[in-house]
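Take a look at this single chain in structure tokens; it is the form predicted alone.
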């Protein structure tokens, strides 16, 4: 079935889609409840809303819905997928990967490499790099790769991290001759250091973070990864980047990162750094301001926002991407926006999941968060037969301690897309 063994010269992101929980909390409401000025969140963090996952939404449901939406909108032939990797730090099992649930719920081929990648927020990029190199090596034999980043960012109620929560997933199809972004395989800059800037012990649902130290680690990683990428790019003779998307734990962190790169690594003055941020980075931040932190998906949520806003005007231009994961590991890489990407990005309707949401009241938000530690409901193994939904749903745990999911029917997914 797969005769070709030599990949084409272009490999990259062929299609992309996002998924978010049904509900969000407005940061103005959170500020009022916590007794702080709303500007502390809206201006200090650059946040507007944060997505809140209810008990029937988890990394599996978010990942499955993002991929299903991408398949439908992008008219993807799922029979050609030979690699399905999920980047996540929101584990649901010590052994069984999120990717195996997603693989089953989506009905992907059995002749498929399936696994999770974990390195805090860097896990999605690790999965993406593996997919690129799998295709570039010829091992793919003409097949495509599904990479999904899916996470739920939780911090203790009332803690400094609370306004930087969020949830969502980003699905990407990696292929030869991509329709959106041609990535430059092998031309990357990396950085790693053993640090405790952010971690979540196995017995905790809420993450722990050394906030000021984490910012310092992020900025060191920007300088290190970008510096190595710049040297390699100069050796190969690359043309300038016109946009850069960053890992976005909160919007203002992307601004700090670009400012650090501009002034420390590139020698720009403050005015030039500010102007460049407004021109080259700000267009990628609209989705993050609406969703909050998506951990592994944060960089790719920024990429989706950039393509939604500017794919048409960026066709043929290079964009940079910076991925950071606490602990820590980072990578800076680049790609070229494909010809025709503007029209294709419009057809993907990347912002639609953000528009189709419900605003939570503060009391409802706190009730959801306080129930996080409760045991999931007990259900029968065939519970999904009694449920109808246009979204994937976590139903509960059966008597054998297995997680039970409902996958929205392919027919309802197609109808929802056709009606858009």
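This structure is a prediction, so every number in the text was calculated from the model and none was measured. Positions refer to the first chain, counted from 1.
Separately, the form predicted together with a small molecule exists; it is not shown, and the next lines address it.
Enquirer: Identify, from the list 214, 265, 100, 317, the residue with a heavy atom within 4.5 Å of the small molecule in the predicted bound form.
Expert: Checked against the cut-off, the match is 214.
Enquirer: If you check 196, 260, 80, 252 against the small molecule in the predicted bound form, which one has a heavy atom within 4.5 Å?
Expert: For this set of options, the contacting one is 252.
Enquirer: Specify the contacting stretch among 36-44, 362-370, 58-66, 23-31, defined as having any heavy atom within 4.5 Å of the small molecule in the predicted bound form.
Expert: Contact criterion met by 36-44 only.
Enquirer: Has each of 188, 244 and 336 got a heavy atom lying within 4.5 angstroms of the small molecule in the predicted bound form?
Expert: No: none of 188, 244 and 336 comes within 4.5 Å of the small molecule in the predicted bound form.
Enquirer: Is residue 175 near the small molecule? Define near as a heavy atom within 4.5 Å, in the predicted bound form.
Expert: No, residue 175 stays farther than 4.5 Å from the small molecule in the predicted bound form.
Enquirer: With a cut-off of 4.5 Å between heavy atoms, is residue 325 one of the residues that contacts the small molecule in the predicted bound form?
Expert: Output for residue 325 is yes: heavy atoms within 4.5 Å of the small molecule.
Enquirer: Spell out, yes or no, whether the shortest heavy atom distance between residue 144 and the small molecule in the predicted bound form is within 4.5 Å.
Expert: No, residue 144 stays farther than 4.5 Å from the small molecule in the predicted bound form.
Enquirer: Although the small molecule is absent from this view, report whether residue 71 comes within 4.5 Å of it in the predicted bound form, heavy atoms only.
Expert: Answer no; every heavy atom of residue 71 is more than 4.5 Å from the small molecule in the predicted bound form.
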